[in-house]
Structures are given as structure tokens and as C-alpha cells.
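Take a look at this single chain, the form predicted alone, given in C-alpha cells.
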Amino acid sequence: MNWLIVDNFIKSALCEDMPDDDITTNCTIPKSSCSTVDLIVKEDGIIAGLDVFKRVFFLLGDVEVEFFVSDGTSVKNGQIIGKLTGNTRNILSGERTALNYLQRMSGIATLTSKFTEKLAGTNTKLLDTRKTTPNMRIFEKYAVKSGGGCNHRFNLSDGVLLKDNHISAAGGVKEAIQTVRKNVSFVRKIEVEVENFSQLNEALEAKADIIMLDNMSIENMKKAVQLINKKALIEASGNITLNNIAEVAKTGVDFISTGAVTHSYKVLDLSMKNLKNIDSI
């Protein structure tokens, strides 16, 4: 991760949670108080975001974080996966922000893992999309990788993807591809979204590098894969679910993309419990 970018987001999150100090903690806990607390999993899943969790307390200072697992690990309900030791005020003030990141990233990794399990035995890779929470993309795409998925382009500057509105504005698939080729470096691959066989034929004639089959039926996907015949990489997209992803993969596509992993996940329940004053240990 780019920690300069991550740190800015974390600092913003901490400021959101305590714009003028943590009045409850500061009125209750002496500055010199030190404690330990356990990081506990409250449901089965895949953990992701441990370094981000730790970074919260690094920025607050005077808190050491030890983990007993690593990102991408399967964890169980009741499992203690880490321990924090240090300044009690900073532990309590950073608790919610740190857990918010870890719970959400772990939820994404858990759902991603369920999708990738459906692709076992195939050569198809799972991709995420740009359907991410604003200012959370760096965290969410990392979580997808922790869950066994792959990242599509990170942002609009990463690569060319001609979608329906680009195609309409350009006057057609072929026109859009030709125009892009005139204006983009030859090292850039061009991906184009097609919805029917007419657009597919245009994409093949214009030698698109990657063809996205958008919202096609299984039967039409099979026909499209045969028609493309390895002349381009193939991505399937649109209404991908846990129930149909295996069937989509069997059509022979190279990639399947879904926004569900970053917009329809459930957070993984985690908590910090068993806080003890160090002097009493």
C-alpha cells in the first residue's frame, strides 16, 4: 500500500471521530494509564486489513500491536487474532476507527473468497470494479486481493475501457476504438464493452485487446467465446452472483468482474475485549 495516501485517509477518519479530542476517554482515563486488550473475531471469515488497523495506533502513538494471523487467513468465531499493549487513552480513542477499517476490509475479503471458491478448477480469474466507497478504494481493492480476487483498473487513469456511453458518443464500437488508438500510447491495451454480436464483430474488426461481454446470457457467452477464438482476452460482467458465477466461468471467459464484492458485502464482526491495566497483570 502507499502509506502516504493511507495515512491521510486514516488521519481524516480519526479527525471525523474526534474533531476536538475524545472527551469520554480523556475525562475518565489518566494520561499515564497503560493497558492490554485482545482483538477477537466474532464470526467465521477471512481477515484483511491488519496493517491498516495497526497503522491507526502507530499514528496515535504509544501502542504496540501484535498479530497472531496474517491477511488472507481464515479465522473462526471466538479466535483471538491479536493483542494491543500501550497507552490506554490511545487504545480507546483509536478503537472504533481501527475496527471500522478491519471489519469492512475483512467483510470484502470474506465475500471475495466465496466467489473465488466457485472458480476452483477453472482458469477464470475474479475481478473487482470501480464500484467502491468514495475514499475507500485503496482499502477495498486491497481486501479483494486478500480474499483471492484480482484488481481491475484502479482508476480512470489506469487503462482504456470503452463502455456504452463512450461508444454512443463516439458513434460506434469501431469508431471509438479507432479514435482511442489515435490518442493513446501504443503500450496501452484497449478494452471495449459489447452487448450484442454486432458490437462484438466491430470490436474484433478493430482488434480490441480485451472484450467485455456485458449482461449476455450463458448461451450467448458461449457463442461469443467461440467467435472471439483467442483473438482477444474476454471478460464477463453484469449480474454476476454466487449462484451463477461457476456457470459463467464454464463458458471459457478469462475474467469475471463483479461490483458485489465491494458494494454488497457484510462486515465481519470483530471487537477489542478483555482490557486490563498493565499494573494488574
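Just count from 1 along the sequence shown to find any residue number. Note that the rigid core is defined as the largest set of C-alphas that superpose within 1.5 Å between two forms. Just so it is clear, the structure is predicted and the values come from calculations on it, not from any experiment.
Only in words, not in the display: the form predicted in complex with a further copy of the same chain, which the text now covers.
Student: Given that the partner is absent here, state which listed stretch (94 to 102, 116 to 124, 198 to 206, 72 to 80) has heavy atoms within 4.5 Å of a further copy of the same chain in the predicted complex.
Tutor: Heavy-atom contact with the partner occurs in 94 to 102.
Student: Quick one: does Thr28 come within 4.5 Å of a further copy of the same chain in the predicted complex, counting heavy atoms only?
Tutor: Residue-level check for Thr28: yes, a contact with a further copy of the same chain.
Student: Although the partner isn't part of this model, could you tell me whether Gly86 comes within 4.5 Å of a further copy of the same chain in the predicted complex, counting any heavy atom of the residue?
Tutor: Flag for Gly86 set to no.
Student: With a 4.5 Å heavy atom cut-off, would you call Leu162 a contact of a further copy of the same chain in the predicted complex?
Tutor: Leu162 belongs to the contact set for a further copy of the same chain.
Student: Even though a further copy of the same chain is not shown here, does Leu59 get within 4.5 Å of it in the predicted complex, heavy atoms only?
Tutor: The answer is yes: Leu59 has a heavy atom within 4.5 Å of a further copy of the same chain.
Student: Hey, which residues along 11 to 34 are within 4.5 angstroms of a further copy of the same chain in the predicted complex, non-hydrogen atoms only?
Tutor: The stretch 11 to 34, when checked against a further copy of the same chain in the predicted complex, contributes Lys11, Ser12, Ala13, Leu14, Cys15, Glu16, Asp17, Met18, Pro19, Asp20, Asp21, Asp22, Ile23, Thr24, Thr25, Cys27, Thr28, Ile29, Lys31 at the 4.5 Å heavy-atom cut-off.
Student: Aligning on the rigid core, do we see the C-alpha of Asn183 shift 2 angstroms or more between the shown form and the other one?
Tutor: Moves: no, less than 2 Å.
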